[in-house]
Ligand code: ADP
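A single chain comes next, written as structure tokens; it is the form predicted alone.
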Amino acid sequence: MKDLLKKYFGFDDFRPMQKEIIDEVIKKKDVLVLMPTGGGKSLCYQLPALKMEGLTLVVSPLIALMKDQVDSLKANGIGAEFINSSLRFEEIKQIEQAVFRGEVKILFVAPERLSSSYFFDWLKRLEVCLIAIDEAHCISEWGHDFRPHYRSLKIFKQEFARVPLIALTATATYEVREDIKKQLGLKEPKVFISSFNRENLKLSIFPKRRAFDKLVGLIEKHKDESVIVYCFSRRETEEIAESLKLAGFSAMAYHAGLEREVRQEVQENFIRDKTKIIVATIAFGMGIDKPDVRLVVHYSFPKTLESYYQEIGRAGRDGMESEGVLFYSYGDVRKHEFFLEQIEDEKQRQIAREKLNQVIDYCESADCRKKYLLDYFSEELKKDCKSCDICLSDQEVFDATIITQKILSAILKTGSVFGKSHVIQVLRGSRRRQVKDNGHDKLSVFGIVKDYSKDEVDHFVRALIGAGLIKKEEGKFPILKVTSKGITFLKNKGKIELTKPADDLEREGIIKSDKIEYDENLFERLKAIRSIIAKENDVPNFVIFGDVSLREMAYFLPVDKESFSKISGVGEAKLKTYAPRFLAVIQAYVKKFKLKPKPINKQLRSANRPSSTRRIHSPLARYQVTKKMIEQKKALTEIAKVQDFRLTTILRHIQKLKDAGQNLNLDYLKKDLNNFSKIETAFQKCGKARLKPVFEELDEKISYDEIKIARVLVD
């Protein structure tokens, strides 16, 4: 199988789970595969198709994607065709004859095609060795993209009982997985669930303020790269696209209201890099397999976490670092709720409401974005992802005891029957009618946090929900309640520390940080020859070679066919067809600039894969400043002053440096603490997790600041 992998696809090794899945398919067993977008699902049926005798049938709802898939397979020397409504009768007949002659190994069809008795009778005359159901979640009413035509697919197990069936999807909760198995009639299928963690994808959520300015800033950072912007309505897509064009960007709108020919043109221009930015409703993307999209922006937040995950999954399918950014506002919540009320079926309306509330909870969570997402898909992320705005923000920790008491008191004094927005209005002294009508402007908590902005109070409420002091009851109008833990906190006059909200403009700063130091000038020349060859063959650029392959060429500088064949993505067909022209460019460049090719091996390739995304003004750089000043034995107050940080932030730097295994000599700092030995003894007795027990153990005579300093110095 590895020989076939290299021969046809140009890869040396399988991705996680691919080999195990393929082994089951070869044994003619039914399989259900859950693998994130870009994880390599297609190979799980394409490679067995080459090994098994007969035809592999692939059912896919993505008519627009079929041509690209077939073009890619043909470029790799594999016989593939598609049959769908875009073809003329004569073209379909020619393909049917080619299938009978054994010239086609993989045939793509839309599910609607199977409702034709003629087509199904024709299919039964063939030697079908494997059936693949792509986007299998479409068969489930619990899925986010239910397609009625998928319900007819259960006929496969009745008519092709001995043919193995592989069902594939990128997003499926437990209920959807069980429904897929039931609806397709899979026989004791082995279920493979790949990790949903896309390490190359950086996730951020920003308040929807000055959203267009932020959008322009994000696109500027991804200049000349492919970008998708998702909007709520058709009108909004056209307005944003027009505004981006006026700002000098290559942008086009895409939505279901456009003529079919226009939609096809927009899609083709994007796939072939003639248009860099698509501003679209969710009608766009299901038929897109463009591997080099670098930024996906949700200008309005989506209605389900499944669709959100699928849409952000359209960024970075080639494994290179990419971004997913979501703008969140309560105004958009109301838009979704309006359409929810139009759903007549009560069960479907309730399902839709639950899914919308899950998206809102995700947006309002103060925890790691990827932890939340993976938990939704029943996967545990044991440590912070280090690739979302929460994990990457260098937020300060402060004593939030007083603001917490005020928030909890406001919830209780307003009767525990109001949502977050109303509670914040009361706390900030709003004169809105609802506040006055309820007499809440007469409460002692009215206006007691005027020194905080609405967004800051919102951040604290979300943090207290995460800390378990507040709970949000779901429903049409979610309300806040103080938990038993919160009541105990108030009664016992507890203490709590929270992070300060980071400035979202500061959090926006993200730079690309590829470790692979490829020659950018050569990379651009290779892109140019790729575009010429793609145009000659009437296929998208990535069908010839993806950016990953070009970057390896621009790094390793292969100058002969043997070394070129070792580049990722170079199989036998592409080596024969395309290598001469790419080698000519590389050879001329190497000769002109007197460069020396690098030996290609797996270890080097692995070491030079792109790293995860990080922020501008990276915390890593700040930690290095802190480390250097510790080596110079500077006082903590001086380290904080030089970097314009508070002491608590510097203490966090030290802790993170220690956690990363950095060898820090902190003995000089211990000497400056008169009570260090006493505090150390208290930590040994009470543990380091919470400061309050230590404070009490020391008879409340040593300050919290001194205890905090000692905590990071304790070995």
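Remember, predicted model here, so these are calculated numbers, not experimental data. From 1 onward, residues are counted along the sequence shown. Rigid core (definition): largest C-alpha set, two forms, superposition within 1.5 Å.
Omitted from view is the form predicted together with adenosine-5'-diphosphate (ADP), to which the following refers.
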Which of 41 to 49, 678 to 686, 23 to 31, 663 to 671 sits within 4.5 Å of adenosine-5'-diphosphate (ADP) in the model of the complex, heavy atom basis | 41 to 49
One residue of 440, 317, 370, 137 in contact with adenosine-5'-diphosphate (ADP), assessed in the model of the complex (non-hydrogen atom, 4.5 angstroms) = 317
Find out whether any non-hydrogen atom of residue 37 is located within 4.5 angstroms of adenosine-5'-diphosphate (ADP) in the model of the complex, and reply yes or no.
-> yes
Taking heavy atoms only, is residue 13 within 4.5 angstroms of adenosine-5'-diphosphate (ADP) in the model of the complex?
-> yes
When the two forms are laid on each other by their rigid core, does residue 310 show a Cα shift of 2 Å or more between this form and the one not shown?
-> yes
